[in-house]
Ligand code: AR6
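Quick heads-up: it's one chain on its own, the form predicted on its own, in structure tokens.
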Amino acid sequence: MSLKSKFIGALIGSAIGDALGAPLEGNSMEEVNFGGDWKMISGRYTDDTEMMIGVAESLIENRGFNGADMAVKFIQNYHARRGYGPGSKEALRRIRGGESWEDASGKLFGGKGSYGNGAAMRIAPVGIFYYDNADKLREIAYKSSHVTHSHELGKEGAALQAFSIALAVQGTEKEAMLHDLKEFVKNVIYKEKLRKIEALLAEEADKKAIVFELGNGQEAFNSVPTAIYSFLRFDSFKDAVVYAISLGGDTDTIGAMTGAISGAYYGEGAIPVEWVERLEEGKKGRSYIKWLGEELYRVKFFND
């Protein structure tokens, strides 16, 4: 499988997981679990994908990270109806009003910053672009997160998600991934979650146990580990993403993060065609997202 297929797969996979989970966001596990063959209902993506597009655009245009430009891309792409969280909305409002991207997010939530999953949900372009350099990946994951999420738990969640995608691009055996993730992560909360993933995989735990132990909420530490677990538990893109969404809660974001890792691992061709065809098209629809994957690949390997 080509690296280009993995680059495209990570971005399209993220958008697919987002759009598939979006209509079910906020529902409980019991409400989501309707059985049958999962179909893409509307194909419309949310802020998860809109912000991911901004990350990719900025990395391509700058041949790497530029915080001021990334903030501008977020503001230019912003559509309120995509469902932005209050923290990101406020950070972008402050930047639009003249505050620097370095300062705006740190003033939120009593000066502690956000530890939501809004940075992790959009991180796929960083995961693929820096897949071969873990130190640089962590640095850029933290910096790109800081535009809207300055809390350590928000940044570390984004870095962990990005590194999961990087390992998937590398084709790391699933059995070895948890070891590498545990070596990479620094925060004790995430270290404990990774230990729980290992135990839950060993016992083939039921969904209630997964939600209880790993979470299905909007906090990065209650969703990034859940996406990693969903990817590790199954052997196909479709099964992993459907399972992630079936857990309920923040279904679009957990679906997007699972889709990003799975797409990076299995490649573009493993994503169900019927889902891709239902993903919204238009100015920045599925064709554009695929192009972003191709461009990130080109810049990475042919334009250093």
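The first residue of the shown sequence is 1; numbering continues from there. Just so you know, these numbers come straight off a predicted model, no measurement behind them.
There is also a form predicted together with this ligand; it is not shown, and the following applies to it.
- Taking the partner from elsewhere, no residue among R94, Y142 and E156 has a non-hydrogen atom within 4.5 angstroms of this ligand in the model of the complex.
- Although the partner is absent here, S88 sits close enough that one of its heavy atoms falls within 4.5 Å of this ligand in the model of the complex.
- Contact annotation: T253 falls within 4.5 Å of this ligand in the model of the complex, judged by heavy atom distances.
- Of the heavy atoms in N117, some are within 4.5 Å of this ligand in the model of the complex.
- Shown alone here, G171 lies farther than 4.5 Å from this ligand in the model of the complex, counting heavy atoms only.
- A heavy atom within 4.5 Å of this ligand in the model of the complex is found for exactly one of Y84, F234, F184, W101: Y84.
- Listed stretches are 194-202, 158-166, 76-84, 132-140; the contact stretch with this ligand in the model of the complex is 76-84, by a heavy atom cutoff of 4.5 Å.
- Along 140-168, these residues reach a heavy atom to within 4.5 Å of this ligand in the model of the complex: H149, H151.
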